[in-house]
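A lone chain, given as structure tokens: the form predicted on its own.
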């Protein structure tokens, strides 16, 4: 009975964690999977979104997730500016490889240092009406005096629901609008897009802005689930790219499936082998995916 309880809790925790990972990785699926821009600074913008949610929540008490959607246009504009710099400095000259990686590494560390100078290295967290509440969905009687519960902490349920709604809307937008189809096509045939009167650079610029807007929202979801500090973003670099590659390059649905697989794998690893082994899971799954199915589960 106790093993069944542990397995059920691991499944629930893994799925909820996978929802968070899907939100964190969906922006990478756009920038890396569709635009071929290796933005390894993406987790830094997630942490920036976390700190903006923290500032607004701690000073004015506004819900961190609502705040993230309100400020997401600012992340979008930041993405437009960042891609313009990237394009004129590297992509236009055909130097997207090592030099562009150094560029995004620089953005990553500059963002981290600025946050450390402003906030220090202490962990920060937010509070909301749902962060301290838990729903029990199952109960098992071990003895007449003791029971085991399968719990749904709302601090993970709410981000999961918001993540799934956001990703569903994003997938619909990319599949059913002209701009979305142009984003899907820009990495495949830019010449055909130009024949249709579409500027691929502007499409990539706006899509990159969209990926950063999603990162800002994912940052708020992250700080609802767990406390953050400036350097924690580096811990998620391998994770978000593992989800992107595992699900399939450029596939939003694949990112969700890959995130769920990764969340379940980490949850079971933490439950039965210890949390210290969990970070190795993302890299292990990434290596397996590259070795046996390099196109990913839903790769084109």
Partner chain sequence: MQKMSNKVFIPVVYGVALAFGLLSMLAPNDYFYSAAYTVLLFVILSSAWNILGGYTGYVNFGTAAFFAMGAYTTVAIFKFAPGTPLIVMIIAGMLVAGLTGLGMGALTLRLRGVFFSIATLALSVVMFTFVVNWDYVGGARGAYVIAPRVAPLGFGRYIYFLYAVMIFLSATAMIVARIIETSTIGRGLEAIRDDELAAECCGVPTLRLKLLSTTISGALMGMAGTTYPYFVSYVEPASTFNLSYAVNSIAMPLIGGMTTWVGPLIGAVLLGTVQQVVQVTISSAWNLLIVGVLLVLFVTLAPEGIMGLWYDFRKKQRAKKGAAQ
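The term rigid core refers to the most C-alpha atoms you can superpose between the two forms while keeping them within 1.5 Å. Residue numbers count along the first chain shown, from 1. Quick caveat, the model's predicted, so the values are computed rather than measured.
Another form exists, predicted together with the partner chain; not displayed. Remarks below refer to it.
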Is residue 92 near the partner chain? Define near as a heavy atom within 4.5 Å, in the predicted bound form.
no
Determine whether any heavy atom of residue 15 comes within 4.5 Å of a heavy atom of the partner chain in the predicted bound form, and answer yes or no.
no
Taking 4.5 angstroms as the cut-off for heavy atoms, does residue 271 touch the partner chain in the predicted bound form?
no
Indicate whether the partner chain has at least one heavy atom within 4.5 Å of a heavy atom of residue 98 in the predicted bound form.
yes
To verify the annotation, which of these, 172, 119, 123, 105, has a non-hydrogen atom within 4.5 Å of the partner chain in the predicted bound form?
105
Tell me, out of 48, 245, 256, 30, which residue has a non-hydrogen atom within 4.5 angstroms of the partner chain in the predicted bound form.
245
Heavy atoms, 4.5 Å, the partner chain in the predicted bound form: which of 217 to 225, 108 to 116, 150 to 158, 68 to 76 makes the cut? Say which one.
108 to 116
Determine the residues of 30 to 44 with a heavy atom within 4.5 Å of the partner chain in the predicted bound form and present them in sequence order; the list may be empty.
32, 36, 38, 40
Any CA movement of 2 Å or more for residue 15 between the shown form and the other one, core superposed?
no
